[in-house]
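Next comes just one chain, in structure tokens: the form predicted on its own.
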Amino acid sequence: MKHRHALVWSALAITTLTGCQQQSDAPNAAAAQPASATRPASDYLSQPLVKDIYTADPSAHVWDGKIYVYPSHDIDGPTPEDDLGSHFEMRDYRVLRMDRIGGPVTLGPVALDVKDVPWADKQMWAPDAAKKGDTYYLYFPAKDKQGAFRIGVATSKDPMGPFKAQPQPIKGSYSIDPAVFTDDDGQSYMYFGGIWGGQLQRNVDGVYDPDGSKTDLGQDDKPALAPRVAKMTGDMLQFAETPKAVQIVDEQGKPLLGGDHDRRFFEASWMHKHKGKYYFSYSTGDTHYLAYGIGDSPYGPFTYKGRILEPVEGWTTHHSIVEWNGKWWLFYADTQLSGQTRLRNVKVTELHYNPDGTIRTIDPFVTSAAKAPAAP
């Protein structure tokens, strides 16, 4: 994969978090040791939030003034790497907490383990969380006993867990990468879906086809497979409606095509709201961009506007965007610590908007020109 560089904005100015300290609540946590040093640390715009374990797919939330990050927990399993992500063998979740961005990071104990989810078999991939009243909800994908991804939900009175899983997955759920957005009126929506190993192409009608396409619909000249959105019930445990397709369109209002790999949806939905507009962001997968569109409704359509993040080191890109202390922040991951696709580390950097509401593209690397001292 090639890293494409953009100009690094404003003084590289973001807090690079090189001074973060990690506090582990798990005394036996294995330290993440670099497997291959591909770049010096100074080449990266931001530094890993934790080094005790490998983490990825960070879903960040601000509750009671603190930042909570719900990542997936990478492990170094034996499964060979393939295009369906079989080598991502995650089996539990641990939550990160920060009182402030740039400050110490607390690594919580196991918040939920696959062995405690009655319906799940393996591969607890990228999660998200939500809060309603005094209850916290952890949403997670996992493969059931038939090998199909479903989305489950677990609850806790503590944002760090432990969480207790519901006995069955959310009825009508399928595929991966749940992201739950709560609008200003208190209504919550779940966005989800991912192609290739995420199986969306095997669940076009919500019925899992184990013999379906390996990658996508194989129709480059037709509209790309769309992520899904569904309104949540008041108790946050089920869909209140049949999931709908989320349309991502070009400036002419035409759906992005399956062959448009630089812009079409692959996985990693996220929704946030800024100045009354809805921002739907996602990963393009095999082209390694974080992209986004802007719309006027939580259902879309969303007009493609550009890239949030250029390719990181590592294959996958999965993110979240939150506002904290009057600024906006992008949480993401790369493979700085290990150099291995399956072993990632989460990071954070500041995100900036242009006057027209578009988002400035971030380069995850510090370019040589940016690092060079100013001319006298």
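The numbering used is simple: start at 1 and walk along the sequence shown. Here the structure is a predicted model, which is why all the values come from computation and not from measurement.
In what follows, reference is made to the form predicted in complex with a small molecule, a form of this protein that is not presented.
From the list 59-67, 346-354, 44-52, 316-324, the contact stretch for the small molecule in the predicted complex under a 4.5 Å heavy atom rule is 316-324.
When contacts are judged by a 4.5 Å heavy atom cut-off, F265 does not count as touching the small molecule in the predicted complex. Though the partner is left out of this view, D128 does not reach within 4.5 Å of the small molecule in the predicted complex, counting heavy atoms only. Although the partner is absent here, I176 sits close enough that one of its heavy atoms falls within 4.5 Å of the small molecule in the predicted complex.
Within 4.5 Å of some heavy atom of the small molecule in the predicted complex lies at least one heavy atom of M90.
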